[in-house]
Structures are given as C-alpha cells and as structure tokens.
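What follows is one chain in structure tokens, specifically the form predicted on its own.
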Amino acid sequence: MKCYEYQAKEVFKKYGIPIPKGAVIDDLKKMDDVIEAIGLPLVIKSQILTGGRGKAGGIKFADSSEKAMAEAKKLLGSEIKGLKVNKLLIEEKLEIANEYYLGIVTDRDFSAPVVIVSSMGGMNIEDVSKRFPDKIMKKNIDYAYGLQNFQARALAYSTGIKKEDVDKVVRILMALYHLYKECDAELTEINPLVITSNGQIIAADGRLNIDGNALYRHPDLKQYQERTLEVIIDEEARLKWVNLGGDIGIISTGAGMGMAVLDQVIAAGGKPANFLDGGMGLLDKGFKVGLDLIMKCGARAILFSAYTGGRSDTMASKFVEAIESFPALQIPVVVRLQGLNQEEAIRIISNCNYKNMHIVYDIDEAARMVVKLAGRGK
C-alpha cells in the first residue's frame, strides 16, 4: 500500500520526525484559512502516488495569497502523469541550508532491510548513485539486531554529511528505522531531509509504502488504503483483480496460474482483458463477481484455467452455477480444468446448459482456442 506524502508525514510525526507546518485541502474554499494559518511564502504540492511530481509541474511556490490561490486552482482537479489530483498539501516554504537523503527499503535478495544515506538530497537517488557514487552509502541491516546507532553514525560520516549535522541526521535515521520495522514498511524515505538556515532539521518530503499483507496488524494505517475497485473486490469476494484493457477474459485459480495463462494468451496473439486470481474466493461468490467484471470489460471470449489440489468437481459446480446465472452471456467460454475428481468436474462442465462452452485439457491449446474464438486467431 502506497501512502500519499501527507499520510507519510502524519506517520513521521508520530515517530518524532519533524515535518513542515502544513495542511491538506480538497476544496479551494479552504485556501484562505490555510494561507492565514501557515503564512507566506508557501509550497503547493499535488498529492499523487508517483515520483517526479516537481518535474511534471506538480509542485508550485507562491509568495502571495493571489499566487497561492491561482496555483492551487490550476493543480486541484488536474492530471499529472496520468493521475488526477484530488488533494493538495499546502506547506510553509523552508529556508534551506543543506539537503540530505535517508531511505530504508526491503532488499529481497538479502532478505533484509537496506539503509541508504546520501549527502545529496533533493535529487533522484538513482542519479546520485550514478553520478556521485561517493556521496551515497548503503548497508544491509540484520533484522534480528536492527539498525545500531554506531552504524547510522558511520553511514552519515561516510557519505560526507556535515559534522555539525551528523547528530541530528542520526536521530532521524534511527526514528525512520523504528517506523520501518514497527509499521511493516516495504519502503520509507525522506528526500530531502532539510537543515534550515536556523539549524532546524525537517522532513521536507517523504514516502511510505506498507506491506499490504500486514495491514490487519495496523488498523491505524489501514485508514490510508484507498477504496479502489481492486481493494473492494479483494475484501468482498477474495479476488485479486487487475484490468488490462484487452478483450479476452481470464479466470484462474492462483497468481502463478494466472500469470502463466496471460503469457500463453499473449504468445498466441491475444490481448487479455484482465488478471483474475480467484483462489478460495471462487468457492464462494468469486465466479459471479468475476464474470460480471469481465462482461463489463467488453470481453469477446473467456478462458477459465484451473489447476487445484482441492475438489475440482466442487469448483466446476460453482462455475456452472455462475455461468447459468448470466442469461445475457453469449461469448465463447474455454475451460481447462485439472485436479481432484477431474473426471466428475469435466462431466459437470459438459452438462452445463450454456452451449458455447469448450473443454480443453492442455493450457497451450486452451490459449490458442480462446484467441481464435475471440476473433484474433490466425
């Protein structure tokens, strides 16, 4: 789960990481009160879940109330990098003396968090790594022991952070690590970490990605999860759904199976309409929800591919029940089903009242057939 900048900063504040004075708005009518509360000059930041906002025009500065209102009006409701701006973060403009970078990300190759520190904040960290490799340091941390103070201090000194700033940076880095660990984060970073002209240290910008599988442990963080279609489908029908924009509907019994089916359909010349990992949700109302979503995508054919260690005859019964509950369904349906009680499952599918059903035993053949039936075959 990706957090917006203002959400990340709310979490930062709980862990003692200073943030700028600011407020979030979703209505321009609130701007006058915000300007009065924060004071001028201001920074106006679009809240979207992507990097590179500044270069794309999503961050503006204003020295007057008129300029602030005009910039906010331009940004709110606009699209930046294909994403609609529904909220703005209005913050005080900081007088910057130095900028640093702090980050912690899960390193899956080493099964450990890696701490990243740079004395060149405000830049894309990948650019710093390429252009100024001596200005960035990384260290994998033993999760059992955690980040130690001496390790944080060594990183700060090694990257060239000014001596008078080291104690402040170390304190923030230790707090950031505690946040990373306690919140089950996959990534968190402060870029830039600003030292102001009067010596204050402030997280001027921040990112926070939380492991979605751990949200049940964090009801306080779950409130940040956007109620997207994918989230609602997952919660209500236990389906993993992604719209892919093609015209061949896909239903599978697992993520691995789903990816394999997508590959085969594409290799056969087709364009998948979706990714759908049904899992155990298919034994409840998953088939009906999935078919409804696929029909709304305008699919021209459907491929249901199952390979299950459970009772495939039970799954086949649920599938037939769902198919027969959609009288408007007219497109071809290809079924490739393997598992316990497979013969009975095939018999159930064969006796389905829906006549545009095609049973196949090989995944390659199933992919070729559904592509052909969708009108894309050679």
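The structure displayed is predicted, hence computed values, not measured ones. Each residue number is its position in the shown sequence, starting from 1.
The same protein also exists as the form predicted together with ligand GDP; that form is not shown, yet it is the one meant from here on.
*Asks:* Among the candidate stretches 189-197, 291-299, 141-149, 162-170, which one is within 4.5 Å of ligand GDP in the predicted bound form when only heavy atoms are counted?
*Replies:* Result for this chain: 189-197.
*Asks:* Although the partner isn't part of this model, could you tell me whether residue 59 comes within 4.5 Å of ligand GDP in the predicted bound form, counting any heavy atom of the residue?
*Replies:* Taking the distances in the predicted bound form, the answer for residue 59 is yes, it comes within 4.5 Å of ligand GDP.
*Asks:* Quick one: is residue 99 in contact with ligand GDP in the predicted bound form, heavy atoms, 4.5 Å cut-off?
*Replies:* Answer yes; at least one heavy atom of residue 99 falls within 4.5 Å of ligand GDP in the predicted bound form.
*Asks:* At the 4.5 Å heavy atom threshold, is residue 204 in contact with ligand GDP in the predicted bound form?
*Replies:* Yes, residue 204 is a contact residue.
*Asks:* I'd like to know whether residue 122 contacts ligand GDP in the predicted bound form, with contact meaning heavy atoms within 4.5 angstroms.
*Replies:* Yes, residue 122 sits close enough to ligand GDP in the predicted bound form that at least one of its heavy atoms falls within 4.5 Å.
*Asks:* Pick from 215, 94, 154, 175: which has a non-hydrogen atom within 4.5 Å of ligand GDP in the predicted bound form?
*Replies:* None of the others qualify; the residue that does is 94.
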